[in-house]
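Below you will find one chain, with nothing else, as structure tokens; this is the form predicted on its own, and questions on how it binds or moves follow later.
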């Protein structure tokens, strides 16, 4: 979870033109990308970012509804903001909430959060300037949360400031309707941008200095459904060991998009392509082939990393979740991927304590970890989301058992990750530096006097290292020799600077 999107990296030292803004973000990378867009829109109106809500004239909470805990955090934050508003009666901040919380709860949020001025949804972010203008002019309880009902999806990525990394929305919505998931009700039905538009968008970002893009969607594997493959791009048709694949023959698809980005001369300076999130039903053989070495027909810029949510190791639980895939098919996909790309980094999502989950079901999830050997997992205890089909099932796994299983699962995975990470010791790996590490303890035990920086390898492993350089390394690609490993990260020695 990203509690705060730091939007002040390029903040000007001059006084703001129309005040300051603060954005707090909960949830997935889609929400992080949406917050980037909000920041860019507000900056275009003359506002400047601040790292403290108490100093802001406009405060926005970008909320998540995927889990009950995230909703509670967003509402709790609104309560804290009300206190700030009460203390600043002469010039109170304008307070709004968006994201999936705004989309789902709409006007009911005003009763839950006195002091809230406006609510907006996932499809109305571009209306932010108008919304704020209306509130400034005296309107109260403004709500903009209608879905865009058209089947076309067109946008231009907005990045706040100059960055080496960018999130690029390529599609939105989800048609899977897993029984536990609220996303189809907060993000709508699937619709995709065209390949040409996405490639043009990325080429523009590359020209500004972006060197890594993460392609975003609730299910990027089903990208392209409904878009005609007018340029006859390859592959024309997708296949899957599970038997179900999103786009039909004659439509655009995700492997086509990856290959179009990789082959476009305007994207020559792009170093890495990542994507999230995926669904096993649409994880095609043709997408797996994109992970092959370029000399064997793969996509040269595609990072050797995959996040493919499986949710449970039990077929019985998967069926009740409405996932429509079996664990044997997932194993076959992972085996094929590892055959083509042995060094691929793997992560997944898991839910424990789903209704009817038995101890044996849970043990099957542990066996899944043994079998696949994930680098990382994102695991959660099940909480029913109002409006979903699973909310009608008896929540028959006690909170105590859920927490015990979750803690056991996380500890079990940590041991697996520690063994995997130790195999990296002694190797030299390329890191894209993302910023200074929050924990600077590594510097106190080193002979090098400097700052601890953190970044990720192409296979998405976190690496911390020390540099004595006084300048910022953010956005640089560096070579680091791995010296130590834990179950959460790697440590290394800086070998070379920027490789660009």
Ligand code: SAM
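Positions refer to the first chain, counted from 1. Keep in mind that this is a model prediction, so the values were computed, not measured.
The same protein also exists as the form predicted together with the ligand; that form is not shown, yet it is the one meant from here on.
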Practice item. Counting non-hydrogen atoms within 4.5 angstroms of the ligand in the predicted bound form, say which of 381, 334, 166, 81 makes the cut. Key: 381
Exercise for review: Tell me, out of 474, 66, 41, 452, which residue has a non-hydrogen atom within 4.5 angstroms of the ligand in the predicted bound form.
Suggested key: 66
Point to revise | is_contact(residue 366, the ligand) in the predicted bound form, heavy atom dist at most 4.5 Å | key: no
Exercise for review: Mark residue 329 yes when one of its heavy atoms lies within 4.5 Å of a heavy atom of the ligand in the predicted bound form, and no otherwise.
Suggested key: no
Point to revise | Partner proximity in the predicted bound form: residue 262 to the ligand, non-hydrogen atom cutoff 4.5 Å | key: no
Check your understanding: Contact between residue 181 and the ligand in the predicted bound form at 4.5 Å, heavy atoms?
Key -> yes
Check your understanding: 369-377, 158-166, 202-210, 181-189: which one contacts the ligand in the predicted bound form at 4.5 Å, heavy atom to heavy atom?
Key -> 181-189
Check your understanding: When you measure heavy atoms, are 221, 301 and 344 every one within 4.5 angstroms of the ligand in the predicted bound form?
Key -> no
Check your understanding: Looking at the ligand in the predicted bound form, which residues in 339-359 have at least one heavy atom within 4.5 Å of it?
Key -> 349, 350, 351
